[in-house]
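The structure tokens that follow cover one protein chain in two forms, given apart as structure 1 and structure 2.
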Structure 1
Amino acid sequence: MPEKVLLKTPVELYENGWIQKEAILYNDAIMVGGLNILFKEIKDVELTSYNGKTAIRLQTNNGEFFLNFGSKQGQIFRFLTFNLKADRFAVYFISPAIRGGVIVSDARWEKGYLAITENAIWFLSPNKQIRIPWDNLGSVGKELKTVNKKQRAVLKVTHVEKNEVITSYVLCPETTLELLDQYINQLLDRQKPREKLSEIEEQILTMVYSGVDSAGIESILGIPTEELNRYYDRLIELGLAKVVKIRKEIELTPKGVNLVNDAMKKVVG
């Protein structure tokens, strides 16, 4: 049984509706009503919104819980992220360093942790608790960067956040860096397509990444819609893209043509 009580606070727990309870935060667990959740059992934690309220989602071996701590939400979320079951590495990080291709001007190195859980990687510091789900992670690799006027190897992490590509940097001793690079890439490898893309497929991916629409892509590559659709199908099949909109092409019937003629008479006359 946990011993040291850190905080007692009212909380709302979602059980077919938001129900008032009391939460007791211990050094190794959180008790909500009669429910005791050990930190070592927490697989994932996320700040989200659920049934009309902002909530902390706790995923444990025994299921998923949504909790609303009101004004203490931020404080408790921070505490939980620092205690969740994860492989944790002491690092310096900048996140985000680049947003959609533009350097974030006020980005600074922060002292904290890179934590790796089953579902996400985390940048943790007293000021930031950034969760990057594995599905949103793009690439991880080493890069040389000037830090305090010295060339240092850093880990560059790119991920997608609300349709924007974010780049973050991690600085740590080289042996840890090597280990992180290999470890994260091994986990990422599971999601990568095995097939090699053609030059045109890579160009289409780049254009979609840049926000060019289908008509723009057709015009840049000089290809008809049907051919672009075939490339899209393959990229979707490889899991590199998903359908967000189906465009319909129409042509007018004689009835439609007559209506346009009538409409024009009104405009002119």
Structure 2
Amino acid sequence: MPEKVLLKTPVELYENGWIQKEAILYNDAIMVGGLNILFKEIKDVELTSYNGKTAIRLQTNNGEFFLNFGSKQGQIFRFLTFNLKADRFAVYFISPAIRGGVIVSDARWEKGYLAITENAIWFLSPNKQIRIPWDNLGSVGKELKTVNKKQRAVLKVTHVEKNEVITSYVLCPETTLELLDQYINQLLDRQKPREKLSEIEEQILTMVYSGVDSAGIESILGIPTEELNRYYDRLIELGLAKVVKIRKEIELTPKGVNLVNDAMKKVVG
């Protein structure tokens, strides 16, 4: 049983509706009503919306819990992110450094941690708690970058956030950098589909990543909409893409044709 009480506060727990409880924050666990959650059992934590309220989602071996701490939400979320079950490395980081291909003007190195969990990697500092789900992670690799007028090896991390490509950088001793590069890429490889993509499927993925729309892809590859849709279906099935918009193709009815004819007559006079 945990001993050191850090905070007692009202909380709402979702159990077929939001129910008022008391939360007690200990040095190694959080107790909500009769529910005791050890920090070492927290596999994932996320600030999200749930049933009309902002909530902290906790994922443990025993399931998911949604909690609303009201005015203390940010404070407790920050505390939980620093204490969830994770491999944690002391680093300096910039996140985001580049957003949508544009350098973020006020980006600065921050002292903090790179934390790795089953579901995400985290950039953690007193000011930032950035969660990047594995599904949103693009690539990770080493790069030379000028830091304090010296060339240093850094870890370049790209990920997608709200349809924008974000680039972040990690700075740490080279032995740690090497370890992180190998470790994260091994975990990324586990997320990749076992099936090999065809050359055209890889081209389509690259063009979508670069912001080329469906009409542009059809034009570049010289393929009809139906064929592109079949490629899209396979990429969605493999978990490499998701539907964000359904495009409609229309043809005019006789009523529409008459309307166009009338409009053209007006133009011609």
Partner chain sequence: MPKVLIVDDAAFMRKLLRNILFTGGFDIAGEAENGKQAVEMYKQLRPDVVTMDIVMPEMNGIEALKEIKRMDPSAKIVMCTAVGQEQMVKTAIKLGAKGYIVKPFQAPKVIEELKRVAGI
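So that the term is clear: the rigid core is the largest set of C-alpha atoms that superpose within 1.5 Å between two forms. Numbers follow structure 1, counted from its first residue as 1. What you are looking at is a predicted structure, and each value in this text was computed from that prediction instead of being measured.
A.B. asks: Which number, 1 or 2, marks the form predicted in complex with its partner chain?
C.D. replies: Of the two forms shown, it is structure 1 that corresponds to the form predicted in complex with its partner chain, while structure 2 does not.
A.B. asks: Taking the rigid core as the superposition reference, indicate whether the CA of Arg57 shifts 2 angstroms or more between the two structures.
C.D. replies: Superposed on the core, Arg57 moves its C-alpha less than 2 Å between the two structures.
A.B. asks: For a quick test of reading the superposition: does Gln20 move by 2 Å or more at the CA between the two structures, rigid core aligned?
C.D. replies: Not so; Gln20 is displaced by less than 2 Å.
A.B. asks: Using the core for the fit, does the CA position of Pro10 change by 2 Å or more between the two structures?
C.D. replies: No; that C-alpha moves by less than 2 Å between the two structures.
A.B. asks: With the core fitted, just quote the Cα shift at Val257 between the two structures, in angstrom to one decimal.
C.D. replies: Spelling it out: core superposed, C-alpha of Val257 shifted, distance 3.2 Å.
A.B. asks: After superposing on the rigid core, what is the C-alpha displacement of Leu238 between the two structures, in Å?
C.D. replies: A shift of 5.6 Å at the C-alpha.
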